[in-house]
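The form predicted on its own is given below as one chain in structure tokens.
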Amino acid sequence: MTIKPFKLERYYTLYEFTADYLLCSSDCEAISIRELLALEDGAAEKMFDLNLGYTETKGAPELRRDIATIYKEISPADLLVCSGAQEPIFLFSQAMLKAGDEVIVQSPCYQSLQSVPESLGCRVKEWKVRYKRNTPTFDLGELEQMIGPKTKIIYLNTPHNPTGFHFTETEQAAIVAMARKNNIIIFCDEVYRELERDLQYRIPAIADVYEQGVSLGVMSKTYGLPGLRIGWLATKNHSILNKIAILKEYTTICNAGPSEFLAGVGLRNREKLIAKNLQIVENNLPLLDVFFDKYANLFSWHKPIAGPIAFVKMNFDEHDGLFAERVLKEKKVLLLPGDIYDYNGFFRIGFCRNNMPTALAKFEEFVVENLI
């Protein structure tokens, strides 16, 4: 298989652990194992008694029961636990696609949603974001026009990385109707689900509302536990799950037992983790409001209703990659340039870290010293 280098992951490999301040983090504030175990009586003792044998390929039954509580119509039998989000994305595309298939990808996107199908010989159509008065939108009429007789899968991501866009329930229902009419699978990256700033913005998981819907979840983002490397796929279509499970026996085979145990603790106490992370978001967003109002001639942004990230438009003439490079060199602050997404003139910011105020202050130093 020939596949393009993963630009975003390459970028983080090079700079994430050398920068002093990450102003572009896509995940939420992490906690320690000690803090996680303290959320549940007896969890620490059970952890030390855990047997370090192999685990089930599809995931521990207890963990699948915990994951199922996130959904309304999904049972433990409708789940496959994987390593993070990258493995299930990769295996799903490998299992469901062949050369000549067409897929539609909400764009910009996490690159593997596009590059893996391309590597298999598929035609990838990009359903591109449109900005109206600095607000990201996706035109449903445009999506309908893109669907053809060879369309096999629609790849969605909501809340959307990197723009912060989030579908309404009405928009989701319209997309499901299009897919059902044309017998198309919907794969929806929902890694930021449950991080809505108000419950009125929460929409159902695609696996709950569509018989050919596949929901991607992970411990890394909303719950702030990326070090566990636990993700999953949820779908009522067991044919899809079985095909992926067979391929998983060529990759990780099974997940790490300690990670599965700790993920279970996190999910049983997820409301506490969500509340903690939402509070960080609510603390940080007013600071960003003030900053972007103050420098409105330089930057434009749309404040998201869900998730911990946003896409910032640069209102001056400089390549976003070179701009991010200068910020990193002078202030040790890491931004994620839009060029990583092949979407120039923007950069991604993240706002669910406790030290974001410090990172923002350092970034403002750069702005004052170089752009004012």
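Predicted model only: the values in this text are computed from it and were never measured. A residue's number is simply how far along the shown sequence it sits, counting from 1.
We do not show the form predicted together with a small molecule, though everything after this point is about it.
The single contact residue among N161, Q106, S215, N255, judged by any heavy atom lying within 4.5 Å of the small molecule in the predicted bound form, is N161.
This chain appears without its partner; in the predicted bound form, the one residue of T151, S220, S115, N284 with a heavy atom within 4.5 Å of the small molecule is S220. At a distance of at most 4.5 angstroms from the small molecule in the predicted bound form, all three residues Q86, I89 and Y110 contribute at least one non-hydrogen atom. Partner proximity in the predicted bound form, defined as non-hydrogen atoms within 4.5 angstroms of the small molecule, places exactly one of 297-305, 142-150, 170-178, 191-199 at the interface: 191-199. In the predicted bound form, no heavy atom of R270 sits within 4.5 Å of the small molecule. Looking at T55, you'd find every heavy atom of it more than 4.5 angstroms from the small molecule in the predicted bound form. Shown alone here, S93 lies farther than 4.5 Å from the small molecule in the predicted bound form, counting heavy atoms only.
Although the partner is absent from this view, N157 contacts the small molecule in the predicted bound form, with a non-hydrogen atom inside 4.5 angstroms.
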